[in-house]
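Consider the single chain below, provided in structure tokens and representing the form predicted alone.
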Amino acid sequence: MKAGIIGATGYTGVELVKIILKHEKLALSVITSESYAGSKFSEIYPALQGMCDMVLEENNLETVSQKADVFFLCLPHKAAMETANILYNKGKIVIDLSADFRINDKGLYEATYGVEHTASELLKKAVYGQAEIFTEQIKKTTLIAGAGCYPTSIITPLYPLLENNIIDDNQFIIADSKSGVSGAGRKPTLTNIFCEANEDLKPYGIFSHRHNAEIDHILSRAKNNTHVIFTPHLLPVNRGILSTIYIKTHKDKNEIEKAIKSKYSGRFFVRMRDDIPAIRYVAHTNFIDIAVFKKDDTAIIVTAIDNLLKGASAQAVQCYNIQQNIDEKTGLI
């Protein structure tokens, strides 16, 4: 199947290029960029010289839409919704890596992102792209809303615990998460330039990070009115997310682990660990590592993912594989 990437020169775009180049069932047929149109991709990313020398095109959707069957959108929120709407209505498979279709409540989306959702008729058709949780729904859709990176690290272990009533207070779950600088994207800002981020660690978006609404929205499908107290931190590494999650539960460690293992039985990319997960064990992979620790009535769950892969591009391809009913590992190991 022919694949296109809209907005291919950002960090998630280049990861998609590398994955698709080794994917047995996908052929990269078109890549776009408003900033670098007319340039070869390998001029932007010289490491891929000889592997991807395709010329980047402008985002002219009338022309571009004729060149691929499935489109991966690596665009900012607001920009993605219009592109997705056009491509979806042309009968294309659309996998959107932005936030535009993750929250299927129009009012909540607009309150969270501060913009009007101009393709709201598609919100109920989009399936949230957490591959291991919404597998059956992904098989039946052609519009996938790629799960957020922080949400993937938090939702994955908590969803089965909420489904099985293992968490005593679903209104008071604490998630302390730390992300590498690539989570802020490729465009330089005062926050993510080297001298500002290096040798430092600080929280941001306290009580206001947009992913909090996404986390609560999805987890409330497992148990109504779930709320997570979520605090992200900027970690001075290139990539990766480490989340430390605190819950109150009367269940023992074995019961907690059993619920998670049962939910993800046979799912290659979910790994339970006895030791403490670390970013270096998952970097450049599509794995999520999960470990559970318990003392008295408090359980601590630690997860680690690569924010650009399991948190974005690789999970997007995993969802494509599921949608096409092929081995979900294709192109990802």
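Small disclaimer: the values here were computed from a predicted structure and weren't measured. When you see a residue number, it is the position in the sequence shown, counting from 1.
This protein has a second form, the form predicted in complex with a further copy of the same chain, left out of what is shown; the following refers to that one.
Not displayed here, a further copy of the same chain is approached by R186 to within 4.5 Å at the level of heavy atoms in the predicted bound form. a further copy of the same chain in the predicted bound form is approached by K294, whose closest heavy atom lies within 4.5 angstroms of it. Shown alone here, P160 lies farther than 4.5 Å from a further copy of the same chain in the predicted bound form, counting heavy atoms only. Using a 4.5 angstroms threshold between heavy atoms, D105 stays clear of a further copy of the same chain in the predicted bound form. Though a further copy of the same chain is absent from this view, in the predicted bound form it lies within 4.5 Å of a heavy atom of just one residue from I93, V237, A222, I166, which is V237. Per the 4.5 Å heavy atom criterion, a further copy of the same chain in the predicted bound form is contacted by stretch 173-181, the sole one of 173-181, 67-75, 97-105, 148-156. Contact residues in stretch 284-316 (any heavy atom within 4.5 Å of a further copy of the same chain, taken in the predicted bound form) are H284, F287, F293, K294, K295, T298, I300, V302. Cα-Cα spacing of N170 to V302 is enlarged in the predicted bound form versus the present form (difference of at least 3 Å).
CA of L219 to CA of N170: farther apart by 3 Å or more in the predicted bound form than in the shown form.
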